[in-house]
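One chain follows as structure tokens, the form predicted on its own.
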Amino acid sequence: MPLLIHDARVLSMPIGREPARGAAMRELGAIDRGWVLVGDDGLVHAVGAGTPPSAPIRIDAGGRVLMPALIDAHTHACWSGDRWSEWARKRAGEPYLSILNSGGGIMSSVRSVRGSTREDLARTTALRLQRMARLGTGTCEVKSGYGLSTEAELRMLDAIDDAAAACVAQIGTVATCLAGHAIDPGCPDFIARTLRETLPAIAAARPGTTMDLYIEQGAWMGDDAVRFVATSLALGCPVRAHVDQFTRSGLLADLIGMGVRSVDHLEASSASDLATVAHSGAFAVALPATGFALDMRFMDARRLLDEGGTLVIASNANPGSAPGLGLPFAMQLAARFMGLTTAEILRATITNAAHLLGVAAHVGSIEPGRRADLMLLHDTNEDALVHGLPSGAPGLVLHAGRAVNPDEPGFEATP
């Protein structure tokens, strides 16, 4: 039946054909004492202010904020096993790259994933997606990358599809192939094999799949990284890149020139690097939960925005460097450590994330015809979402107009 949410501070966040930059980052399309009508088809049918229309089911928002659900554009939510034992080493001061080079880190997850079935991976991934949905995420990107072989990467991507199908009523999912994660020390010709075999096989099985790689010491570097990007693009696959997390690669200008879709991390990027990104068409994806967990280093997102760049903020949910599933926590860190305003953070985690994932035609705003992925906050001010501390679900979350967490207290529907 149709649902009406009324007496809300509606953040409609109109979304255009292009991602938000500059002044657009500060506009949220707020409607005080507004209402939203959701149809049986799970789409927004009307948005307005003043006296609302009638509807068989009504929720009185009581002045609370109604906004689009969040969009998490960078996660590693498909994995098996855990890496909690590594945290004592990190807290004792051992660098993450040292743990990786000793066979831990990413390679620890690779060994666990290679020993897992498609069904096991799908089950654990679905559970994580369900938890993410309850924390306000309406659409989530999920990477492979813990397989590092053709067969295991395809198995991960199939498992992500299975998990997405199992959770279709709760959260939307976009899969990315992170075939260029770590370097497998057990495969002497790993780089050549990835370029020659794995990338073509993924592109053949899943045409147009976005490819991703991790450019860092102990992983893909220099000419090898450039060849990965060139090979993927030649196969008709868009490319994203993890780059400049711990060390400055010097490759950002090359990557931008080749047309990568996003550059993610950028904690070690120079001011001139960030200017290069800002003046390009690439998205810059900030991952503040990783900086908080590892070394308190963060992308200079303030500088990037002031240069006119396109910013996305994501959770980077993974078992080793950002072991959490809630995008609101990353938003709160962005407010504290990146010098960003509430409006900028919301645009980065919703509008620009939707454009990066290619879903902006369907979600990311509260406008007629869009899927009713919504979040009705517990609070009457959106500042609470980015300046509070993690406290469970931010409010009532709806996916296609249906409550994901109907047991959340304080949100009673009335006929």
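So that there is no doubt, residue numbering starts at 1 and follows the sequence shown. Model, not experiment: these values are computed from the prediction.
There is another form of the same protein, the form predicted together with a further copy of the same chain; it is not shown, and what comes next is about it.
- Heavy atoms within 4.5 Å of a further copy of the same chain in the model of the complex are found in one stretch of 211-219, 95-103, 137-145, 288-296, which is 288-296.
- Between a further copy of the same chain and the residues A314, A322, L274, A241, the one pair within 4.5 Å by heavy atoms in the model of the complex involves A322.
- With the partner omitted from this view, the residue of R196, R114, R302, R336 that lies near a further copy of the same chain in the model of the complex is R336 [heavy atom within 4.5 Å].
- For the three marked residues, A24, L233 and G236, no heavy atom of any sits within 4.5 Å of a further copy of the same chain in the model of the complex.
- a further copy of the same chain is not drawn, but in the model of the complex it has no heavy atom within 4.5 Å of A30.
- Shown alone here, C187 lies farther than 4.5 Å from a further copy of the same chain in the model of the complex, counting heavy atoms only.
- Using a 4.5 angstroms limit between non-hydrogen atoms, D41 is distant from a further copy of the same chain in the model of the complex.
- Although the partner is absent here, D7 is not a contact residue: none of its heavy atoms lies within 4.5 angstroms of a further copy of the same chain in the model of the complex.
- Taking a 4.5 Å heavy atom cutoff to a further copy of the same chain in the model of the complex, the contacting residues in 82-119 are D82, W84, S85, W87, A88, R91.
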